[in-house]
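First, one chain by itself in structure tokens, the form predicted alone.
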């Protein structure tokens, strides 16, 4: 009997359904079908491709489809119904907008001197998407790949295969056969897909997995676009709007139960306002409620699995053992939830300063000199996002932070800017015209 991947509700362990695990032969055959479908899809032309993608996404935005996708996403991933519905509707709406922006980005343009720049499809793109935003992150990578004229093989996270299957089936009611296919499994299947005859890998996930992908893709010198997580710092200066900073600190740390790549993980607060800031953060955090997706008033859902829950608890125990002050919550947590937790006195020796906790934890440390705060913020292999709250000197502090996305008195990643990490938080990037163009082969023609 063929092995099956079972998907569970993280709030109660209920089995929601299963999908067949893709074996080596199936992955090889899937990529071969994608390569065969690539030719007609490429020759169709960008206008025709965009028309079909708009139609497919519009069908997914129908009321019944959005409701079905939203409930499935919430049950499989654990986020509350408001956030789940918001992800589904926002991702599909954003996907439709991206169809147009990718089309514009890939238009042939003049370079002067009788030379033009063209953007041609690459071939077969493997998209490996994460569980924390299972629909939004997949769409962000699928759309530019498909508009550019590539065929796509999607491997969703083993934690959230059902929402991916439902969405792909809906799109394939409109798209030509084998232009978009899906394979299922864990890291083993991901490695097989990376080593198959694909031309590009678009990945969102952990730094460790990203390094593995780079090594396996090297033999074929395959194109890579990878977003590899972060350990995002926040600096709160003495002249910051304390209330705004406190609300942001909690909201950013707790969003999606802290399971977000740009969640605030490390907060450095000027010692002159630290006591007041800590009290306000604790007050705000106390209003958050944990529970399953369909419980009214819940805004922190379950942690995705026991392994991640144990990691968060280990970080909290480490902080407590090394002298941190627990203002709310703490390490005594029963799976699958982490209740709102606020830690003061984070030290450089603590795991939560060095590593990504990925849970609903506000971790604070105090500084007397801004130079120290900047140094600690930058002392990380990660560099996805960073935020500064302060007055007139905040832009100068932000300018010295080593991250791909910076927020000054607000979060990161607003508008139509690319989603980009510095240092080991990314390789390439997606979003915006420049990001869209990474899913195509640039060709320079002079005549």
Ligand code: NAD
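Numbering follows the first chain given and starts at 1. What you see is a predicted model; the values in this text were computed from it and never measured.
Another form exists, predicted together with nicotinamide-adenine-dinucleotide; not displayed. Remarks below refer to it.
When you look in the predicted bound form, the only residue of 361, 246, 198, 213 with a non-hydrogen atom within 4.5 Å of nicotinamide-adenine-dinucleotide is 213.
Out of the listed residues 129, 150, 357, 252, 129 is the one that sits within 4.5 Å of nicotinamide-adenine-dinucleotide in the predicted bound form by at least one heavy atom. Exactly one of the stretches 335-343, 150-158, 278-286, 169-177 approaches nicotinamide-adenine-dinucleotide in the predicted bound form with heavy atoms within 4.5 Å, and it is 150-158. Every member of the trio 187, 205 and 384 reaches nicotinamide-adenine-dinucleotide in the predicted bound form with some non-hydrogen atom inside 4.5 Å. Not displayed here, nicotinamide-adenine-dinucleotide is kept clear of residue 116 by more than 4.5 Å at the level of heavy atoms in the predicted bound form. Proximity of residue 229 to nicotinamide-adenine-dinucleotide in the predicted bound form falls within the 4.5 Å heavy atom cutoff. Among heavy atoms of residue 194, some come within 4.5 Å of nicotinamide-adenine-dinucleotide in the predicted bound form.
Interface residue remark: residue 261 is counted as part of the site for nicotinamide-adenine-dinucleotide in the predicted bound form, having a heavy atom within 4.5 Å.
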